[in-house]
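The structure tokens that follow cover one protein chain in two forms, given apart as structure 1 and structure 2.
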Structure 1
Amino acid sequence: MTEQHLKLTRRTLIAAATVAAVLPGAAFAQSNTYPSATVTFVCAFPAGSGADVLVRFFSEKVAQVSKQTVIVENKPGANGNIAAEYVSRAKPDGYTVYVHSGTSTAANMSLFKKPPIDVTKALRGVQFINKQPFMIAVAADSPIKDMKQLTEHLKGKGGDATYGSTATSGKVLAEVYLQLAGVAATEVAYKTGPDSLNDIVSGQLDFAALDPVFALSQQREGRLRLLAVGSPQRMKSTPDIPAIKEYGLNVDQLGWWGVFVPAKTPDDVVMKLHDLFQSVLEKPETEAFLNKFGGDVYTGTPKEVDELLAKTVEEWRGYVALAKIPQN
């Protein structure tokens, strides 16, 4: 008993010292012992998927800075609804943490007729992870060199064009671009980037809206040419790829990842968790890792996460209507 007690105290001291270093002043007011037991990160994707790798990377890093075991629990299904609902109903003690795409969490509010939870009310934000845009790609040997030429090409085809998309974010990016450029193309949906590669490279598809991990890896392999990113500015990690906005089309689509806990989690626990993630996000290896996933590190206060989540929910109501995505 005594030993256990001693250990706990020492850990608390170390944790408090860490927090104090990061956030002077604010830290000493919050003298709780969190985290003092195993923390569970909930991942809404199946084990082994690209997103699962990201969650597991953070579980490893947070375990290092918190000196606690962090396990990853995969709760895939229903586009992330199952995981979000599971977290919202967990005990609000900071030991069940949802590491997921904030964009997707917000989008589900519009993609479903009856979303199981109101994410802005049932969850609260802790920290951001990254921002990553979807990308517009063509085959590496395509005559189309930039977005202007792509728009011209699609105009020439007069609505007879096709584009490949992976995930709802890809579809929405493409549809918003088509709408603003005043051209048309039919969507061909793919489950994953690799599924679409042969059809893009052979020129069967006129263009594709792809996730950054896949798009960048295939650009490096010399099979794809990336014309633009969907973010309002160029990304720090990919300064050579222009933003669609530079062509005068007001596309502002930046996917982001965040950390969420049940809404009733107390402030001090949220702040402690926020600081743990902050220290992980400041590490150079984290930046290198996230850049490989085609995104930039992104940090913010819990309040900023809540605000962006609410804003994203509203934006997606418009996108879902614009892209004419049927609701489940």
Structure 2
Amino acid sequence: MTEQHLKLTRRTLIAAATVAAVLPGAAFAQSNTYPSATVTFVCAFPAGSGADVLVRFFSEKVAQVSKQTVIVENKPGANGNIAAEYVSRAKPDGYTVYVHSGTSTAANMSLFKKPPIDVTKALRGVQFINKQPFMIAVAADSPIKDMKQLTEHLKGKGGDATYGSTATSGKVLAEVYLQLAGVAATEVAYKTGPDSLNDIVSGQLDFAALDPVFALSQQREGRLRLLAVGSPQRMKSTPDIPAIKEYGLNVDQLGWWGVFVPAKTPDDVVMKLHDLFQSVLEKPETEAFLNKFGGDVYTGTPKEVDELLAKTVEEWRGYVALAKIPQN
């Protein structure tokens, strides 16, 4: 090999070494500027639903603190499985974010024979948002005033009763209540709360298990009466609504919402997104918004989100079995 060739080889090796040394730094620098482009929040329910209202609130607030555009993309269907799978397969760079009920996300692992993803492996947690129970509702002019009267009403119908549900959490809350109360009712599933409203108000449905965002808004409008929450005790945000447990039924279903990204999203990006949500959750207007819709602010570390998601997956295996819900 000539001296000239040796010089060229050395230059090539030096150049390669330089690139190898610079790339990690360059990659870090990119994540260090996160977010530097439009961020997409994925919502698992249609526009106008209770979930959509919550996701859009946080998209606006995170946009303000991050000084970046945040858009909402609705991916409804399959109880949230479509949205969860979509996010899990997105580029793990922090720009596709799943803002959804951790409870429903975990429950789908038991409600479906073949879930499209293992949520504990395909997603990683970023931050909590709130604790938020589903609620049992009847028409505002219904003669049913509390859960005891609802149970007696359902017993009187001898299995001919119906109830409305709009999400995984509502379905399971209703079925667990029915099992523990020893009564029966047939589920009528709706895509969103507004879709069920006419049937509740007209009395075609005997009761409904609804998300608190929609339920409380309709209570304020004078259309619904809220009989109970699924949490083990009354919520700070809605102290006037009793827990089902107060009627001697051991219902303990305090739902929670969280923020998730693809599993391979880098730690530093996860922490930056976590901090953005933390700054939003610390604002008084955020607490007021969540309280207005039946939720209490809930925060934690990414690790704690992952741990609670795994725990909730296991808990809901028991709930689904108790409610005798057939898998889809």
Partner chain sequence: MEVFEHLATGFMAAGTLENLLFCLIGTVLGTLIGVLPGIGPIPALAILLPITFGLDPLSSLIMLAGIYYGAQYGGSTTSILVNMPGEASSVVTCIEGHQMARRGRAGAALAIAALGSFFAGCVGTVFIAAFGPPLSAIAQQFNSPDYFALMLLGLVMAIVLAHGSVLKAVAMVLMGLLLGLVGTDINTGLTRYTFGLSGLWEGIDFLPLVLGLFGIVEIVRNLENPPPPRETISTRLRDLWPTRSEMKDAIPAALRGTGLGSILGILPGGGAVLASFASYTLEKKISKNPRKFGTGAVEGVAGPESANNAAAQTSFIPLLTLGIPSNPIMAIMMGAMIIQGIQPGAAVMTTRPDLFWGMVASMWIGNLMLVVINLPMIGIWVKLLSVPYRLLYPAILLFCAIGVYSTSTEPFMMVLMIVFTVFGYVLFKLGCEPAPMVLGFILGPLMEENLRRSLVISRGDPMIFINRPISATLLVATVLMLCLIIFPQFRKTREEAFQEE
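We call the rigid core the largest set of C-alpha positions that still match within 1.5 Å between the two forms. All residue numbers here refer to structure 1's sequence, counted from 1. None of the values given here were measured: they were computed from a predicted structure.
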Have a look at both and say which one is the form predicted in complex with its partner chain. 1
Angle through which the smaller rigid unit swings between structures 1 and 2, given in whole degrees: 19
Core superposed first, then measure: what is the displacement of the CA of residue 142 between structures 1 and 2, in Å? 9.1
What Cα shift, in Å, does residue 231 show between structures 1 and 2 once the core is superposed? 2.6
